[in-house]
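So here's one chain in two forms, each on its own in structure tokens, numbered structure 1 and structure 2.
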Structure 1
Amino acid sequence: MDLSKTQSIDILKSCESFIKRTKSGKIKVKAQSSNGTVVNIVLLVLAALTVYGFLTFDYKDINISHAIKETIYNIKTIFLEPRASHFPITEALYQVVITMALAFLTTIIGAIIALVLGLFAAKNLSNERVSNVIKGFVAFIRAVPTVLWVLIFAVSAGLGSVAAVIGLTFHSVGYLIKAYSESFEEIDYGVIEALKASGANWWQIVFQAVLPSCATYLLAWTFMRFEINFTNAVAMGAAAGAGGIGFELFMAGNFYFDLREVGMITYLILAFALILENISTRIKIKYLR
């Protein structure tokens, strides 16, 4: 139905009443809301506090301009002049392999434990009370940082690779139980009901419906945790004496004070992280389509 000219003019006039214009007559395209005003005020207050903090710091005898120049020089030395001084490149690669082995071991152990507990944590496969208890427990595990778990276990096992393996595995279990259980809960409940109606027991439901349906998601989550464990293993090598390239990084930065070696190790870790990211992307493209 075509609108008459009079009706069109009436509609335009009614719309005009909702349009906000600037003093110059231009239409305001940016909507103003109370939430946006509050956010802007908070940002201004934070910016003012930051400036005030820099102006009132107790800098002691530090010359700020000299400190900035030294910082820039150190960054330039680290990233533009990387060089190994205390070990050959083959030894560095060997240390990276040790770090990857630590990440791989903790991921595999964590994945096996999490797979079993994840089944009991999924509400469509388990009792609701059991599910809530497991999910509550793993939420507590995840709330504590990995390095803190390693230090807690170091009290009984001592600083070193043992405490790192236990701490990394412990946090991996908490992370993967949540990921696995949520994947299991995504399964269509009608499939589970159909298998139950046909007489299938719990294990048959798990092995014939749940695991085959979630295999790709389990693989993706496990590899993602492996990437996280690799970076954590580097940190544990420095913080907990777990060995690997992280320990060499700690020695270069805090014992030898060799910035060039720090740069070389940083580039090496970055290269392996990019390789892992590339593999992870390929797996997701291949199996998650």
Structure 2
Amino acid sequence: MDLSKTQSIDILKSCESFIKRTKSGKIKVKAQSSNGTVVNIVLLVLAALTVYGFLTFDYKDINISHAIKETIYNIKTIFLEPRASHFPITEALYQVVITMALAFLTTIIGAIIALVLGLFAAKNLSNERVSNVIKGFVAFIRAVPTVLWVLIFAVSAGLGSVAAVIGLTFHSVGYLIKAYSESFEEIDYGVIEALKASGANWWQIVFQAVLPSCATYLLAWTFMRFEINFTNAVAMGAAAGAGGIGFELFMAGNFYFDLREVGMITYLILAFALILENISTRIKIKYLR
């Protein structure tokens, strides 16, 4: 192509208006977007809050180097010399099964309640107002820490498995309603419309279209919650006297000060948690992607 000199200068000039330059005349290579600015601000604020936090924590005159040395020694004892001294290993296994059972009960009760409420919380299956009421309620339930729900129910039900299961179920219901209703909302609206046009009623739509097409998602979310509930059940055993391996851990740590027993219990919990995580990851890879 033959371009006269004036033409090519014209083209260069028109390009120039798209090129951004710094004050010294260099061409900018980084795109400046509001997105990047917000990222920088967030990082700066987090860093500032962290530094401020470290400066203001109530350390109670702790000797840090001494405490760290002691921690390393303790962790060595806990993880390298685990041993049960107050109960045989079969008893410890039985306690883990109790914790598992607590988690299972919580998950199954939570899943049943969440399934019903999740249908009403999904915007495409219910109306806007009902959905918003349920979602607001769920947000509140999730904001209160699980242990506080358990302790609140413990006042009327007494400390034990009933309060633990109800308290843990509250949180599970909150989590699962959110997960379930989002899966329901992802359904192709055409399917529901087609069924409506053929004269299907609400229940038929739910059982013939919605539940079958979401079943794998529901399974994956429910198992993920089971995994979380196991961790929570351990914690509730320790903090709210719900029994199980968490309670044994609390006794070993806070009453007997038996590091080796804490180590043994930690390994047991870790083993079961790893098994659950493994299953959960497999389900997720198989069904969620």
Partner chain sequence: MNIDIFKKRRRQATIVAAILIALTLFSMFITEYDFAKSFTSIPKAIIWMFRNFYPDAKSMTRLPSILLKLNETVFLSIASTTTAGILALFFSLFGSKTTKVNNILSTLSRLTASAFRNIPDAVWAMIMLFSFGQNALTGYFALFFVTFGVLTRAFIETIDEVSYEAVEALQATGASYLEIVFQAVIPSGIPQMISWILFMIETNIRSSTLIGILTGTGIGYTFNMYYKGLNYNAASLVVIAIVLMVFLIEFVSNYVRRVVL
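So that the term is clear: the rigid core is the largest set of C-alpha atoms that superpose within 1.5 Å between two forms. All residue numbers here refer to structure 1's sequence, counted from 1. None of these values were measured; they are calculated from a predicted model.
Undergrad: Since only one of the two is the form predicted in complex with the partner chain, can you say which one?
TA: Pick structure 2; the other is not the form predicted in complex with the partner chain.
Undergrad: For residue 59, does the CA position differ by 2 Å or more between the two structures when the superposition is done on the rigid core?
TA: Yes; that C-alpha moves by at least 2 Å between the two structures.
Undergrad: By the 2 angstroms cut-off, has the C-alpha of residue 40 moved between the two structures once the rigid core is superposed?
TA: Yes; that C-alpha moves by at least 2 Å between the two structures.
Undergrad: Honestly, after the rigid core fit, is residue 50 moving at least 2 Å at Cα between the two structures?
TA: True for residue 50: a C-alpha shift of 2 Å or more.
Undergrad: Would you look up how far the C-alpha of residue 68 moves between the two structures when the rigid core is overlaid, in angstrom?
TA: With the cores aligned, its C-alpha sits 2.7 Å away.
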